[in-house]
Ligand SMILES: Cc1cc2nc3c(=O)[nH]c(=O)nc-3n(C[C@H](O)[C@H](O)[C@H](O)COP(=O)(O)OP(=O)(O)OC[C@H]3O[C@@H](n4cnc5c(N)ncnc54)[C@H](O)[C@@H]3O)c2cc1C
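Single chain ahead, by itself, as structure tokens, in the form predicted on its own.
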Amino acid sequence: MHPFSFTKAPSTREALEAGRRGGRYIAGGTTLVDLMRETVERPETLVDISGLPLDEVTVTERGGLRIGALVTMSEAAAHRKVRTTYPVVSQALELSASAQLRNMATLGGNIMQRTRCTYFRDVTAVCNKREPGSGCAAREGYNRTHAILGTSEDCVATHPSDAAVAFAALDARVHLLGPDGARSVPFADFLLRPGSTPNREQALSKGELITAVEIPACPRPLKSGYLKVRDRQSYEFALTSAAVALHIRGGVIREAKVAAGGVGTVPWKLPAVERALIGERPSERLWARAAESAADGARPLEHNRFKVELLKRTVERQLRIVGESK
């Protein structure tokens, strides 16, 4: 670990000032500290923001939910409003990491976490995300767990967050505060596809701080859930996952929200699947037909071709689970 200075921000204003000067924000530290130990991250200054007033879950005026960036994963998952209104979020959080990490990790840190690509974390390997222009070892290396959607010649790493998949499905927004004031960004625009600049992962300006994630109000009744397929049942990242939310009224699907994880360089929204569902009556045939388009545009690599079919089956299964639940 390289030497660094550490300061605890007593107020939001002072946190932003330290961020403007190049300080890196830290709260739970469950990802950043690991990367510092591995010398992947080498910040000169850490700014502890754990004492800022960003740790509440509130209902918005329109009936949505606003989850503060410093709410821990375990607190968000257990919150009554989150569990009853958007179970897809609770389930995604509870299927993440270990209980110990969920007790420490914050929601803002979770969506900011960096990829679990082996080559990114191995400082002896070439990695455009870590060192732009050096190359991508994963393309010709062992790439079983890597992305099949949203990839580029420069990067094929997956985004690891389960909660981010649920937020993408629900069309959430990320609230930001920086030296130039407050703004909000659609979740779909907050996490960036790699393109030719895989080192730039979020649509953040210098010194900006995540203050909350807001889930918009959805029509009722809304049935939702999260399915995660992985090599083992605990403390493992997704090979594929599916976040599904369906509004069914009068026996017809009026609104559908679907996203996939474990397969994209960012949480992958599935608009073709959503379109295939809206206006239809739930049935086994519908779930299978809609899921067929889940892997549209996939560009599999040598070792992860199985993800194409696995993604379709994961989406179909979760559509059935949510669509036929009482």
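These numbers were taken from a predicted model, which means no experiment stands behind them. One rule holds for the numbers: they count along the sequence shown, beginning at 1.
Here the subject shifts to the form predicted together with the ligand, a form of this protein not shown in this document.
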Selected contact from L227, A172, A138, L209, since only one has a non-hydrogen atom within 4.5 angstroms of the ligand in the predicted complex: L209
- line: The one residue among G51, G29, G63, P271 placing a heavy atom within 4.5 Å of the ligand in the predicted complex is G29
field: Interface membership of D34, the ligand in the predicted complex, 4.5 Å heavy atom rule
entry: yes
field: Partner contact for R24 in the predicted complex: the ligand, 4.5 angstroms, heavy atom
entry: yes
- prompt: Is the gap between Y142 and the ligand in the predicted complex 4.5 Å or less for some heavy atom pair?
  reply: no
query: Would C155 count as touching the ligand in the predicted complex under a 4.5 Å heavy atom rule?
result: no
task: From the candidate stretches 74-82, 250-258, 89-97, 213-221, select the single one in contact with the ligand in the predicted complex, where contact means a heavy atom within 4.5 Å.
output: 89-97
query: Which residues within 227-243 place at least one heavy atom within 4.5 Å of the ligand in the predicted complex?
result: K228, Y235, E236, F237
